[in-house]
Structure formats: structure tokens, C-alpha cells
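Quick heads-up: it's one chain on its own, the form predicted alone, in C-alpha cells.
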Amino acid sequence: MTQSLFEKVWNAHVVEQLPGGNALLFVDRIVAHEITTPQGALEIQQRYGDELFDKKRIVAMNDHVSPAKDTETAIQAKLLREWAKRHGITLYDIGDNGICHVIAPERGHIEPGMTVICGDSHTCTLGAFGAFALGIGTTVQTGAMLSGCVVLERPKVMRITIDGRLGHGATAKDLALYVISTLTFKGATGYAIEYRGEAIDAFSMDERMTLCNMAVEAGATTAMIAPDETTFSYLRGRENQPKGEAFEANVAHWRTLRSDSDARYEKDVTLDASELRPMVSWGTNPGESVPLDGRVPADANEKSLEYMGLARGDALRALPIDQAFIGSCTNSRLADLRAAGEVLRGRKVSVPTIITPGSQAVKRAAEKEGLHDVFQDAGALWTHSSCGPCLGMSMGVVAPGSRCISSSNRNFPGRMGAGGRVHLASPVVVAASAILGRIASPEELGAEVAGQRA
């Protein structure tokens, strides 16, 4: 039977078909963190004898507010820590931790063909490996920890073909913003996206994760990319992956996880990446984005304009900023930091600039290359790994009315602080903007955008 990549993974995990288009789906990996897991862990302890379906399928990390910023977050971290120790669950804690969507693949916990859930909306990042990965709530995660399964409605499938290769200083982040602005915010609701095409084939795993990371911002259930030699090379030799013949046996199976040539899709979209330029958001969702040298659209949403303090026709490039942030599960991997470092090297930032690596392993790797000196010599704050700045939980909250350019994934009202105005862009655009104190392109500095292959 002809099947798409999504269908191959979905069908392999269906335990039972349920009424209303739902299915009982087996879960291969649960990624747990301190914000959404402790509540469910306590309920299981109090009501179900503290029994888990399979603790080996769970991996945990303290990542959202790490280290804790107050008593409440300290309690959350303590509960996760004690729960993981009690059950012998792998836990990445302070000093050896990272953002969940960075550290899970980095440590080899994500594989092609897996089903993966996590109490975080950007779990779709992990679809870059050919996994069906999605964010869920605490109640669903609790049920999965008890039963090993989740009840899900089967999404429709949208194939997005990206013709051509990126040039003109564009990055995977720019492609993500372009896709969302084309589909519109929530335009992919009810769909799982399958990305394919020349641009995708040329992407590194870091770039693929950036692209898949933002699928949820178009309303998609998840995004997936078929595994290939780039995927296998990334996973080969990783911690928690088998070695030698055992790994190659897995690869032989992973090679089958590709859509059949005559697979059918509920929606088919083709986009050309060859003429794409750097993008920047102007409004209050990632779909409200335009090319960096563009202007606020004539049909811009009035509420977005009011919140962002902008008017129709305003130029984005000249807009002054108050803060810059490079990090988040979207753009905090080593390739992202290298690219930003090329722009910042030998220059000085003119606004407060925060640079947050995606994991402590990324941090150490960046420091071995001397990137921490580049950042700090430029006047930026080089921090430990954490989700905190991206969602305004800690480290870098933006004051009301202040404007921040960020490499993160979300610019909703209040996202980085009540009243804060967030503009989304790639790490190299954020770096150039931090130097010039306004939304800017690296070309304005005479800097060539470093390639992000890794």
C-alpha cells in the first residue's frame, strides 16, 4: 500500500483504532521537564502506586528555569530531580543540562521512526529526524507515563516542497518565517507537514531542526523530514546510540522511512528558496513577517500594530531596538553560534545583548572554539543554557514598550515580558542589529554570513 513518511510512522504505532478518527498510539520516547512533568508525577505517586509503564522510555531535564529563579521553580526542579532518581530515569540536571529539544537529539535519544511526546509545543523540532514528535499537555503526558500510549486524532498530511537552495544571506530561520507567512499563522492547523526538496536535502541537521521547530507556529501538529545520510551521520557515534553492526542495522531500517513516490497528500505546497532574503517579523505572531528590507503591510492587523507601536508602511530595517537575544530551541546550536560569532567578531554591540547556548555541551564546544571570547569582547552577555529568556521566565525579560530582536520562535504579546515588543529574525540578523542598535542586515557591516552547515 502506498504510504507517506507520516503514514509509515503513524501506522507502525497504532495499537487500536478508536471512534471519531482517533487512534491509540504507542509512544517510544517521553521527554520530561520541570514545568509540565511534576504535576503528573505527583498524581501517579498519589493515585497509581508510583508505577510507570516503562521508565527506560523517559528522559528528563531541568531546562526552563535553570537554575531556579525563585521558590516555586526550585520546588519544580526538586520534584523532577527526586522523581527521576526514585525511578532511575536519566536526568540532565544543572551543569549537564540543556533545552529539551536540543539535548534530547544531542545525546542520541531521538531516532527516525520514533513517536515522541513532550510537554512543550516546540517538540515538533524533533521531526527533523523523521520522527513523529509533538507537544502535549500534562494530562496527556501523565496518561502516557502510565500506559505507554496516547489517544490522538490522525492529522491530515501536507507536503511542502522547497525548490532551489538558500542564498542571498538567507538561513533556515528565514525559510521558517517565509513558510509561516505564506501558509499564514495557523494556516496548517490539523496537518502534519512533510518537508522535502533540494533545499531540505542540502540542510544540516541543525538547519532541519530550526525549520521543523517552527511548524507549530503555522498551527501544524508537527513537521517531519525523511532521514538520509545527513541524519545517519549525525546520529552515528552519539551517546545512547548503539555502536557498530547494531547501529548499521538500525540505519538499514531507517532507509525505508521515506514517502513512496506515489504517496497522496491532503495538501501540496511548492515554494522556491532561491530568491529568499532575510526575514523579520513585524507583528504579534510569526506569520506577520516580511523581508528585512520590507515594510509593514498595508493590510496589517490593527491590534498587532497597536501592540508593536507601528504603522502601516513603516520600514523594518531602520527600527531602533532596545535589546537583542540569540538562543532558544530554534537557534541556539553550535552552528547558530558560529554564524553569529562571524558577525560579532571584532565589533561591539550597542544595546544589551544576551547569548544563550542550547545546552551545556554546546556551551563547552563553543568555548573550545573561542566563541565565548568573541561574544564577551563584543560586550554581549554569555550565559548558561536555559529556555528562560525565550518565554520571559528568566534572564532577559523585556520591559513594557521596549523592542527586542530575537532568534527565538514566538513573538506573541507578553512573550518575553508584559508589554515587550519582539521581532523574530535569524542569529546573524540579530547580531548585526545588536551592533547597529536597529534592525539591520549583516551586509550593512560588510560581513559575509557564515555558512551554517554542521
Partner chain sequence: MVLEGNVLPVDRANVDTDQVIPAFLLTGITSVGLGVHLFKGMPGGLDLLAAHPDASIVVTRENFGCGSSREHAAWALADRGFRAVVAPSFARIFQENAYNNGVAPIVVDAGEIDALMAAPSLKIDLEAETIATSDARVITFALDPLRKRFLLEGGYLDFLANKRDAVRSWLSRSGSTVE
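Keep in mind that this is a model prediction, so the values were computed, not measured. Positions refer to the first chain, counted from 1.
There is also a form predicted in complex with its partner chain; it is not shown, and the following applies to it.
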item: Any non-hydrogen atom of Asp96 within 4.5 angstroms of its partner chain in the predicted bound form; value: no
item: 4.5 Å heavy atom contact, Gly169 and its partner chain in the predicted bound form; value: no
item: Proximity of Gly420 to its partner chain in the predicted bound form, heavy atoms at 4.5 Å; value: no
item: 4.5 Å heavy atom contact, Val14 to its partner chain in the predicted bound form; value: yes
item: Non-hydrogen atom within 4.5 angstroms of its partner chain in the predicted bound form for each of Arg107, Tyr195 and Thr230; value: no
item: Among the candidates Pro278, Gly119, Gly283, Gly341, the residue which, in the predicted bound form, approaches its partner chain to within 4.5 Å (heavy atoms); value: Gly119
item: Listed residue (Leu146, Leu310, Ala365, Leu257) with a non-hydrogen atom within 4.5 angstroms of its partner chain in the predicted bound form; value: Leu146
item: Segment that reaches its partner chain in the predicted bound form - one of 314 to 322, 347 to 355, 133 to 141, 265 to 273, heavy atoms within 4.5 Å; value: 133 to 141
item: Sequence-ordered list of residues in 201 to 234 near its partner chain in the predicted bound form, where near means a heavy atom within 4.5 Å; value: Thr221
